[in-house]
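One chain comes next, on its own, written as structure tokens: the form predicted alone.
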Amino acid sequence: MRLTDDQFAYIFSHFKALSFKKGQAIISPGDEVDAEYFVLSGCLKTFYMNDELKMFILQFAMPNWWASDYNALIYQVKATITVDCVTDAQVLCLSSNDREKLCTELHPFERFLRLRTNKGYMAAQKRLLSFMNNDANGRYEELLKLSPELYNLVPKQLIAAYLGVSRETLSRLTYKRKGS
């Protein structure tokens, strides 16, 4: 089902363009979350910091990806994860109220969000299965295959955190790959 130009303009009118600087937090633990963010340019990261201050990166959001603390957004509870900027970023912000309004009014938009949510769930499931089935080298190779642009954009310590390895292990994996 395709949108008419008028429908697209109506949907777009509910988004707010925002700019963020590298390192700037968009969502922090304890925040009330009332929006999700569509990345136009730049890179966001979604992560959880445990009590021992170990960072667990859930997602890198590149252009055309969405980011938020969806548990906090949907269930109206305080945020438990952080969304911040790996680089300067341009995003479109969609409030929870506007999202619900658009879903109620326009079936094609609701369908779009459902398909997008399914795609995000599948990506998370695939990543979890990769952690269960692959060693560090397998996860590294998979990341390079799926998102080669990350390696030049994201600092190596963040890639290491995403893969669940130390910075030193990532260096060994990189060296091993170059030597092959």
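All values reported here derive from a predicted model rather than from experimental measurement. Position 1 is the first residue in the sequence shown; the rest follow in order.
The next section is about a form of this same protein that is not shown, the form predicted in complex with a further copy of the same chain.
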item	value
Interface stretch in the model of the complex with a further copy of the same chain - options 126-134, 148-156, 23-31, 37-45, non-hydrogen atom within 4.5 Å	126-134
Interface residue in the model of the complex among Q90, T82, S95, N71, criterion: non-hydrogen atom within 4.5 angstroms of a further copy of the same chain	N71
Partner proximity in the model of the complex: T104 to a further copy of the same chain, non-hydrogen atom cutoff 4.5 Å	yes
a further copy of the same chain contact in the model of the complex: T117, any heavy atom under 4.5 Å	yes
L143: touches a further copy of the same chain in the model of the complex, heavy atom cutoff 4.5 angstroms	no
4.5 angstroms heavy atom contact with a further copy of the same chain in the model of the complex for N64	no
Heavy atom within 4.5 Å of a further copy of the same chain in the model of the complex - qualifying residues of 50-75	N50, F56, I57, L58, Y70, N71, I74, Y75
